[in-house]
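Heads up, the chain below is alone and in the form predicted on its own; it's given as structure tokens.
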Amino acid sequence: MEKVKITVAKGDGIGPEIMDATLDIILAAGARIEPEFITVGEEIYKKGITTGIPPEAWEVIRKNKVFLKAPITTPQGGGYKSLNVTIRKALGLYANVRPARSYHPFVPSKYPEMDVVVIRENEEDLYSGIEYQMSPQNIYALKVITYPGSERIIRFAFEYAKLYGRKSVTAMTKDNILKMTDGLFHKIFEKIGEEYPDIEKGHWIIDIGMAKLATKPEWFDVVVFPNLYGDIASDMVVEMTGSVGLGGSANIGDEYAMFEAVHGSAPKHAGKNEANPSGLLNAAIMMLVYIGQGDVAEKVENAWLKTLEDRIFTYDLARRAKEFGITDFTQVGTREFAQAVIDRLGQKPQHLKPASYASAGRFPKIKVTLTGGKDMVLKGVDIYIKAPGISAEDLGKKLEGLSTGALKFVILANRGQKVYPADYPGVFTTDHFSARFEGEPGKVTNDDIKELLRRIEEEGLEWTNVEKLYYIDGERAYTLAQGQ
């Protein structure tokens, strides 16, 4: 059969060691692949390329469409962009899939029944990385949640559950506080969930939801998150299986896919032949499923499970075993662990659930259908003002006198809290305020906003940015300040 060309990056730190081990295993199992190697990461950063990816590497990645990547090291300090985030966005890898399964009692775990798949949105949320310093004291980050972005990841989670015979899909958000962004994610989850009557649905507020996921993981099956929550949750559940070194990650888009370990480059362990290649190996297993080689994926995973049953452990799992008072294991290095898996190719685990990918097929392909609201009408404006040394009361009174015929002063807020008119006079304030002016929907114009800004400037005040306030399909499309 024709081999599939894949792009491979050996990465930094322990990356080259675990990549060599992973490739040795899957090739010994008969993987029908042709690796094409590129250099990304620390070496490229040091050449002054702030993305960590040279142009020639991009060409290979886009040509082959499938990318197996070892961990990389991002230099400390400003100016360097996360290579992972860059790749995910540039290739449209919107879905991050991170399974976390207990291998108890062979890898000791306090959660023997855990079998969770975290589906994490990969491109939006605070990982958009949009931040501004608006004054000497205030820095803002924009949380971006969109209709199509939310639909894609939520529909992906339901389709994944359907494809792999999972019983439930749970979403977690903080929509009791973030009523618009997380509220949208929750709303779309409920809407799409109606299309899957055979799958159980659930929603948790993220704080208590994470607490339950950490203590009762057997309650959950497939869990879908916005980006930041999903990042935290996925590392947590993989560590709960016995070691973060066990976790593999798939990043899936419409045309491209990237597969990697959950963990980082662990430079202090580099070159010591002690790193656990299991995380990258599990990522490679998902890659084999993605490219239609489920037979090889099944063979590799079953050999790996048999290796765990035989308690052939690298240092991280050996340390875990000792913590639980287990001594009947054999500690080996990275290369020796890979050989142990190779020696067991063709075998199946006797106690752990064996892998079966015969009917699983590839990962879901998603079509976006939701568009959001249509009728968008201007209602007012929030004007942010840098005002060091001015009290909220003095600033508020000054702004009240600047109202125009179309825009009337409503409130002054600081860090999202109403500070004038002062229902809460003891509120701590910084040097950056937002002044809300509103008018009649549909009768406020850009010229009205310009006139208001002109008056603010003539008053000797410095505005830093403007946020327009809209009604969409007849509903307010902005939040009220605390206390408003």
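None of these values were measured; they are calculated from a predicted model. Quick note: we count residues from 1 along the sequence shown, nothing fancier.
If you look for the form predicted in complex with a small molecule, you will not find it shown, but the lines that follow are about it.
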item	value
The small molecule: the contacting residue among 380, 242, 230, 71 in the model of the complex [heavy atom, 4.5 Å]	71
Contact residue in the model of the complex, from 262, 287, 172, 303 (heavy atom within 4.5 Å of the small molecule)	262
4.5 Å heavy atom contact, residue 275 and the small molecule in the model of the complex	yes
Any non-hydrogen atom of residue 84 within 4.5 angstroms of the small molecule in the model of the complex	yes
is_contact(residue 315, the small molecule) in the model of the complex, heavy atom dist at most 4.5 Å	yes
Any non-hydrogen atom of residue 372 within 4.5 angstroms of the small molecule in the model of the complex	no
In the model of the complex, segment of 254-262, 212-220, 195-203, 148-156 with a heavy atom within 4.5 Å of the small molecule	254-262
